[in-house]
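There is one chain below, alone, in structure tokens, taken in the form predicted alone.
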């Protein structure tokens, strides 16, 4: 059986937009006739964090790019607070939406502070641009490296700088594609707690199911470019869903401190 045929969505993924709610309805995107994102509906309530889960090739990054407007979906509507994001001019959309990608490089010589200041581009000129950038660097523990050459940073350090850039942008919507890539466990936890405490409407693609359970308000699971489950971590991260989507068995226990789901995995038997 396929994941699509064995899972019933646990909670409707769409809702009426209110406040800074993100609502994506019927989003599809194809490459050379192959559907990568297939009629996806996702809603992220204002000020909450929604985790986007799924195996490699499930369409997570492609959906994020469609929501961000960096690739134009074939069909569908994406709104923030009822405003059509895809119909906005590029500069106006950049004032609303910040994106942190898995990998991002710069070929020109830049300092760490220069990279963070790129987040101020949609708002410039403003007298407090540099102060905002420095404050964002401090929040991610990178203020001491403000004058460092960007090319000398490790992958984890670059990821933290890109989050600082996104925060400096003052977005109403934050889109994160594997934000914990290259980070050790301390900074994985620190970064996701920081994102949650921002209370900015956030859609984040994540690989680690336990991190998603710990820091997301709701989860959306993709398989084959389609939504196959959605709801709270307790509703979504159950053995049947994990087995059908990821091809592993799991046991689920409440975290001794938070009560949120903690998963332990084992290969399928037989």
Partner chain sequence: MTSTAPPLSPPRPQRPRPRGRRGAASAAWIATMAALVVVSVTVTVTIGPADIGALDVWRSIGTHLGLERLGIGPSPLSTLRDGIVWELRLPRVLAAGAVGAALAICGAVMQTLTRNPLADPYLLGLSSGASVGAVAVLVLGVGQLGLPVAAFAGALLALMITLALANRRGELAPTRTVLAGLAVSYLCSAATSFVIFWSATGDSYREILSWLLGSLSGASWADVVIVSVAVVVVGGVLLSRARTLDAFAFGDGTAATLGVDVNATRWTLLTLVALLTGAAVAVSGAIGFVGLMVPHAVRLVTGSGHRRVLPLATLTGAVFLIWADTLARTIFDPRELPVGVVTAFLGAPAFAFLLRRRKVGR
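Positions refer to the first chain, counted from 1. Here, rigid core means the biggest group of C-alpha atoms that superpose within 1.5 Å across both forms. These figures come from a predicted structure and were not determined experimentally.
Just so it is clear, the following notes concern the form predicted together with the partner chain, a form of the same protein that is not shown.
Would you classify residue 70 as touching the partner chain in the model of the complex, given a 4.5 Å non-hydrogen atom cut-off?
Contact check for residue 70: yes, within 4.5 Å of the partner chain in the model of the complex.
Quick check on residue 134: any heavy atom within 4.5 Å of the partner chain in the model of the complex?
Looking in the model of the complex, residue contacts with the partner chain include residue 134, since a heavy atom lies within 4.5 Å.
Hey, in the model of the complex, is residue 120 touching the partner chain, heavy atoms inside 4.5 Å?
Answer yes; at least one heavy atom of residue 120 falls within 4.5 Å of the partner chain in the model of the complex.
At the 4.5 Å heavy atom threshold, is residue 165 in contact with the partner chain in the model of the complex?
Residue-level check for residue 165: yes, a contact with the partner chain.
4.5 Å heavy atom contact with the partner chain in the model of the complex for all of 170, 183 and 268:
No, because 170, 183 and 268 lack any heavy atom that approaches the partner chain to within 4.5 Å in the model of the complex.
Which of 83, 154, 111, 75 has a heavy atom within 4.5 Å of the partner chain in the model of the complex?
None of the others qualify; the residue that does is 111.
The partner chain in the model of the complex - contacting residues of 137 to 172, heavy atom within 4.5 Å:
Result: 138, 139, 143, 144, 146, 147, 149, 150, 162, 165, 169.
Does the distance between the two CA positions of residue 94 reach 2 Å or more between this form and the one not shown, the core being superposed?
Not so; residue 94 is displaced by less than 2 Å.
Note yes or no: does the Cα of residue 157 move by 2 Å or more between this form and the one not shown after the core is superposed?
Superposed on the core, residue 157 moves its C-alpha 2 Å or more between this form and the one not shown.
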